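A single chain, nothing else alongside it, follows as structure tokens in the form predicted on its own.
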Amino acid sequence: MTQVRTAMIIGSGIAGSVAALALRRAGIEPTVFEAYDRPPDDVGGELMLAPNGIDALGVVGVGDDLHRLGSPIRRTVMTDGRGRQFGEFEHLPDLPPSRAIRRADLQRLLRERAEAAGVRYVYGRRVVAATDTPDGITASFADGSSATADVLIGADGIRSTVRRLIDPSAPKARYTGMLGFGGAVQAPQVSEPGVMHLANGHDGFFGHWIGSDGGVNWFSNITSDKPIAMSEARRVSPDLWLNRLRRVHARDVPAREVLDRAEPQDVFPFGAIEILPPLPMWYRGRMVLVGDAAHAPSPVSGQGASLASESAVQLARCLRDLPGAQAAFAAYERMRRPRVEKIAADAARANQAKAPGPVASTLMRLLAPVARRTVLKPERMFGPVHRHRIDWDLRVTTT
């Protein structure tokens, strides 16, 4: 039986709200503290929620609501910059399709469900310090206030403050050398519903699919020597970004056609694409990390939100079943670290091929027939990741 009765969650994003819902189901009272002075529903663009993420959200009671959000993705097509196809695969037919969902929509759904379950959200609280005491842990916030609970969960993203409090020497997020952009336009039919198109262009990587409103959702990754934070990128004139994207994709099909129909207000800059190297420590004392604060794979994995949701649910199971925070945190890390680090390592390798240039693109196209018979088989590509399931009722042990 757990000795943990209350929890502070730092961060109200996907990982924070899923953790709150899971802890509530586990009989632990969570409170979510958010640095922004309001719900951060305007942060981020679209994300991919894979079958394993859909399963994790089903555990906390929101699985049936996901069909109202975003677009199902049942097939992926890979092309070069000229629009020539060199790879195609169906997603696993016995699993629910992945869904392309607006981050803001998913965050709003999770928060509303958590609030309906009695979870309290406190805004304008930026954590700056935390102190273990014999009876719990006290968090100090930038406005001079403080709060105390049995445990503190850092769900505060890739630039986590809680991670630094746990381990001041923890590695920082690493820039991948690419900037990310996204948007949506009304364009001629360049795809069909349910299909994700991924293109290795001449100088950039481009993806597009049909959104739930019938328009074309798109994203672009372009190389840049200088990392630019999203806040800085959003201060740059949208006209300048759109012109740069048009230059980068001037020879790419259908990116050129899609961007020709885009308006400056259609362009959303995400800034530098970053990944998190493996961490030496996931927890210390009564503090523990979850989501991107602990593991942030490259977006090419399509697993960021799904792995965050899995970890949040599994952390709640460990806190529910094991006697005390240390035993629970140790079991949680043993359970999660091998899986998330394997997925992150695979994604990091794939990330290096996003903008290969004409020579490598030709080589990829020539090797594609062999790859389709071997590594590009859907079961081999997706099975070990997408078939992951969480048995909420199974008791967690220390072994």
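When you see a residue number, it is the position in the sequence shown, counting from 1. If you're wondering where the values come from, they're calculated on a predicted model, not measured in any experiment.
Separately, the form predicted in complex with a small molecule exists; it is not shown, and the next lines address it.
Picking from 67-75, 244-252, 80-88, 150-158 the stretch near the small molecule in the model of the complex, with a 4.5 Å limit on heavy atoms, gives 150-158.
Interface residue among V340, L47, A347, V59, judged by heavy atoms within 4.5 Å of the small molecule in the model of the complex: L47. The contact residue chosen from R111, R317, R125, H208 relative to the small molecule in the model of the complex is R125, the criterion being a non-hydrogen atom within 4.5 angstroms.
Although the partner is absent here, H202 lies well away from the small molecule in the model of the complex, with no heavy atom inside 4.5 Å. Contact annotation for P40: at least one heavy atom lies within 4.5 Å of the small molecule in the model of the complex.
Proximity of V258 to the small molecule in the model of the complex falls outside the 4.5 Å heavy atom cutoff. Interface membership of G304, defined by any non-hydrogen atom within 4.5 Å of the small molecule in the model of the complex, is confirmed.
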